[in-house]
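Shown next as structure tokens: one chain only, the form predicted alone.
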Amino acid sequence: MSHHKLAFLGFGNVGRALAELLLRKRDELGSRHGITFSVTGIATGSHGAAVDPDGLDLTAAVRAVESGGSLEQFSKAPTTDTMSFLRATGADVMFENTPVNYQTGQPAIDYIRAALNLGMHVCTANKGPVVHAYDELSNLAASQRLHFFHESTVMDGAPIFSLFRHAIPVAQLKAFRGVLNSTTNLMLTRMEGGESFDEAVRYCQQVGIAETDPSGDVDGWDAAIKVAALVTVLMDVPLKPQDVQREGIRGITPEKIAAALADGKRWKLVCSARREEDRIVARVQPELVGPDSPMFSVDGTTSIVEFETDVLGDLSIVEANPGPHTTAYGLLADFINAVS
């Protein structure tokens, strides 16, 4: 058995779903993988932080946050900021789930850099550090004989990055196309059912998958940063979301939706990238797709990506109805792969 101390930086929906998944899978982690764990630190933006080198009561921590309470009641070591928190945890693995910064990736980059320098593996669902500092953080991790994993940054827990890392080594990715933003896909699906754009946005906000300011989704920024992450990691070409040709779904009217359906087609916010000689052409834009496309049948919050490589035919991965639980699984898988 190998024991690992874990630190959570960010304890929102995904962090709490991961905590519950770790508890549910505790016995299986031990029996199948020889892994035991304790959580020595949890830091949040609005519920304080708690550090206990002997291990926190994870169930109690989840209940406290979900009831609006503070984590400070569980802490046995004072911390003044994120860096002192990381040092105090003495953790072997950090789960980084702070809010994404599309423009710079900060301050998550600094947090991950600090954790690696303290000897921690890092598993993150944050796309910002991947597109803005992938080479730096990967090289730093390698120099420390650690891992910087980020499976949950694109399509939640679906095995995208690990697929290329383990299952299809030396496959060169030539192009990909897909529906990578589940929120806009749900909005378009509901507009097909008769809702206006504003009504579809409000519904997504009510069910918690769209922010109060929905621009990250409807203007294509979330999709663009996912495209940038895939290109940066899988095509080995550094790309920023600002470099992706981007158009959101604000221009898709009910009239356009109705005309498309009458013609047997559907509007999708399509993410794509392709190698063209010595450059990458990357786009996020609404496109009409017909029944001959795998994207045609993708409804609601379901996502899909189609890969074109130099060694296989077209390879598609579909993830149906993702949520915090699927993102949490990607983080759990990264943890197992990092310490095994």
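Treat the numbers as computed from the prediction; the structure is a model and nothing was measured. Residues carry their position along the shown sequence, with the first being 1.
Quick note: we don't show the form predicted in complex with a further copy of the same chain, though the next part is all about it.
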Option from 49-57, 279-287, 295-303, 65-73 whose residues, in the predicted bound form, bring a heavy atom within 4.5 Å of a further copy of the same chain: 295-303
Proximity to a further copy of the same chain in the predicted bound form, single hit among P214, G157, G248, G105 (heavy atom within 4.5 Å): G157
Partner-contacting position among G208, P169, P78, G194 - heavy atom within 4.5 Å of a further copy of the same chain in the predicted bound form: P169
A19: touches a further copy of the same chain in the predicted bound form, heavy atom cutoff 4.5 angstroms: no
Close approach of V339 to a further copy of the same chain in the predicted bound form, 4.5 Å, heavy atom: no
S138 within 4.5 Å of a further copy of the same chain in the predicted bound form, heavy atoms: no
Partner proximity in the predicted bound form: V318 to a further copy of the same chain, non-hydrogen atom cutoff 4.5 Å: yes
Within 21-44, the residues that have a heavy atom no more than 4.5 Å from a further copy of the same chain in the predicted bound form: L21, R24, K25, E28, L29, R32, H33
